[in-house]
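We give structure tokens for two forms of one protein chain below, kept apart as structure 1 and structure 2.
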Structure 1
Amino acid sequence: MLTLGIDSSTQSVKALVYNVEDKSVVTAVSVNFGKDLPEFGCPDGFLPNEDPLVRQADPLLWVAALDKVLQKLADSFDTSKIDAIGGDGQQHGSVYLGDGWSAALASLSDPSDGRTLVERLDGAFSRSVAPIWMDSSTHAEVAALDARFCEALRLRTGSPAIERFTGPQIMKFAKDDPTAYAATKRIHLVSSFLCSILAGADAPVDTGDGAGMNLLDLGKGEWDREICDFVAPRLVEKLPCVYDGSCGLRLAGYFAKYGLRPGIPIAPFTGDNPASLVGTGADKPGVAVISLGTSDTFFAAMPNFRTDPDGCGHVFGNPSGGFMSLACFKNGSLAREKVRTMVGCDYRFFDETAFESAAGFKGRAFPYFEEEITPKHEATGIEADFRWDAASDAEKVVAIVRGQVLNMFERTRWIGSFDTICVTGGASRSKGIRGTIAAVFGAKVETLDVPDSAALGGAILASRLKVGA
């Protein structure tokens, strides 16, 4: 059995074919927004804006990328062998659709219509832009949600009010452009939007991605009407249904042009973080994943719903059942790279030699080069519990890494303890960082090499569908 996983991330769309029997990746292709679709003006995944807090994309970019990545796959692989499809989208992005949405979906059942996806979807939007996870222009809306619901918001939705989350984004749109909001018939996440296009029908929002909205009551698995009514008028009517485990999505006829068999089942798409949880094999309790990237991210499966008492971490639905926790630390690899440049050392020194020569040093420091979000902290530069200017280069390196890992440990203790921690991302190559994680967390640390974990997670979720049903 072969399944297809589609990952729509911030800067690209990937398509990965997975062999279920031997659990191997058969082939993978990708489309980069800047390189392959320059006409949309989103080289970094978002449109230029004078306001640095505003980060929005053209939703037709994702439509065009879906067309192009499937064509690219069909050019190099016999797609008729694919038995099911799953996927994900960047979390917190939202798409606003108007009167033309239903007709656009209906047109996808006709494989003889010569129009591209962009041509079919062009008139479907009530809003020409889609805010993405990088947008943080909703301070006023977050303050209003905090004032109205206080701790109840976190206890019901799994997270406190967050600027990038979809609820505050919808609230701002409804306030700033009430006419366009009133003309909006459906609000999709990036994941459910692309899944709907593949199916030619409105797809549900799964609890993994839906939890990143501040709108979903995770304990009940349904939209929280009280919160939704506060955010915007008649909001529940505009949202897709929440995925309840029953799946009847099938591939639309349009995609026969790429050799895919119309009618094969589609798993409801999830968010990129829940998909990565599945793709890294951490969707069962006992294993945590630390992704050492631009930001450092810690995530793990949780059997029962509970929230971070300090309000820093987030809880999403686990596509494999139950829940997942996630904590994001903004000052990650870019902060480490800045420290390496300040010290003036090579990677071997930063990744290994410094930890050998300063093994007994107990100082700690944290690089607040960006405003930190876990916990919230202003960008104040390096804060250390020792005299930074008097420390050796090796001591500075060791202290920075220890400070980051200790902060991560303290902010994730509420989740539980773990026998194994899998590290991934570019910085996972560092022996010193791996050793620090093992010492602080008291766990076995394994390096995880899954370059397309989100796309793989989508393909694995597709493999669990009843193909013949």
Structure 2
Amino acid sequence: MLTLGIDSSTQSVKALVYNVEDKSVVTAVSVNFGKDLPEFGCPDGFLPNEDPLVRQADPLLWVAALDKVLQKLADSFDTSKIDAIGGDGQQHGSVYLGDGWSAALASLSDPSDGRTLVERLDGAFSRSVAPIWMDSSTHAEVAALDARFCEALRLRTGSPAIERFTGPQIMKFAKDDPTAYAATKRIHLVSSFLCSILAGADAPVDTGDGAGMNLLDLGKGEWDREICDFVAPRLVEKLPCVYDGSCGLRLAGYFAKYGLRPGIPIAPFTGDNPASLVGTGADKPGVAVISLGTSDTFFAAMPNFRTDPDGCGHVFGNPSGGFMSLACFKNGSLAREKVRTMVGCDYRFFDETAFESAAGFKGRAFPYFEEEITPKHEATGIEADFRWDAASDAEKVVAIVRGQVLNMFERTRWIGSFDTICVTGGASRSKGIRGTIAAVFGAKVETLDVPDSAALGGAILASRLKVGA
């Protein structure tokens, strides 16, 4: 049996084919938003905005990328062999759909009218932009939620009110543009939006991704009506169902153009972190994962519901059952890339040589290029506990990585201690970063062979569907 996993992350969309019997990756292709779809003007996955706290994308970018990645896959692989589809999206981002949404979905059952996905979806939105997880422009809404619910919000939804979470984002939209909010018929997460397009029908939100909204009662697995009513008028009506283990989604006729068989089952999409939990095999307790991507995240399966007393970390649903903990550090790979460019060195130096030549250097620096969330810290540039200008290039690199890893260690103690840490994501190729993690956490560090753990997780979730049922 072959399954397809689709991962729509911050800067790219990937499609990976998985052989369920051999547990092997058969092929993988990707589309980069900046390189392959420059016409959307989102080189790093978001639209330029003069306010550094605002981070929004054009949702049609994700639609175009889905079309393109499936075309790329069909060009190099016999997609008719694929038996089921699963996937994930960057967490927290929200898509606002208006009157045209139902007709756009219905049009996807007709493969013959020749229009692209973007052409079919173009009139479906009540808001032309989608706030993504990097947005921190909702301080006022977070304060209002905190004042109204205090501890109850964390204890019911798994997280305190957080700027990038979907609830505060919806609250801000409803306040800033009540007319467009009133015209909104459906609000999807990136994950459930893309899954809906594949199915030609509204897909549910799973508890893995839904927990990143500040709206879901995680204990009950349903929308918290009291919180939803406080966030925005008639919000529960606009949200998709919460996935309860059965959904019956099937691939829409449109996708026959890529050789896929219409009618194959689709697993509800989840968030990129819950998908990575499954893809790395860490959906069973005992192993922690550090994913080094646009954001750095630390996560692990958690059998029982337990929240971070300091209020920085989160609890999400584990797609394999139970819960997962997560801490997210916004200044991850994009920040490291900025430092690498500032220093003017190549990847070999940044990933390895610097750590050999400045091995004994104990300085610490942190790259606050984006407003940091774990813990909260304004974007102030590089903060070092030594004279940055006087340091060598190698010392700068080593200190930045140490600063990031030490902060991660401090902020994830509530999750537990682990003998083994599995690293994944682009920057896991760096020997220097892996060595720093091993030293700071006092753990064995294993690199996952598959860099696309989120897409793999989506494909594994698809393999668990009862095909033909």
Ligand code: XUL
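Just so we're on the same page, residue numbers count up from 1 along structure 1's sequence. By rigid core we mean the largest C-alpha set that fits within 1.5 Å across both forms. None of the values given here were measured: they were computed from a predicted structure.
- The second of the two structures is the form predicted in complex with this ligand.
- A displacement of less than 2 angstroms separates the C-alpha positions of residue 80 between the two structures, with the rigid core held in common.
- Relative to the superposed rigid core, the position of the CA of residue 350 differs between the two structures by 2 Å or more.
- Annotation for residue 332: C-alpha shift of 2 angstroms or more between the two structures, rigid core superposed.
- When the core is overlaid, the C-alpha of residue 381 ends up 9.0 Å from its other position between the two structures.
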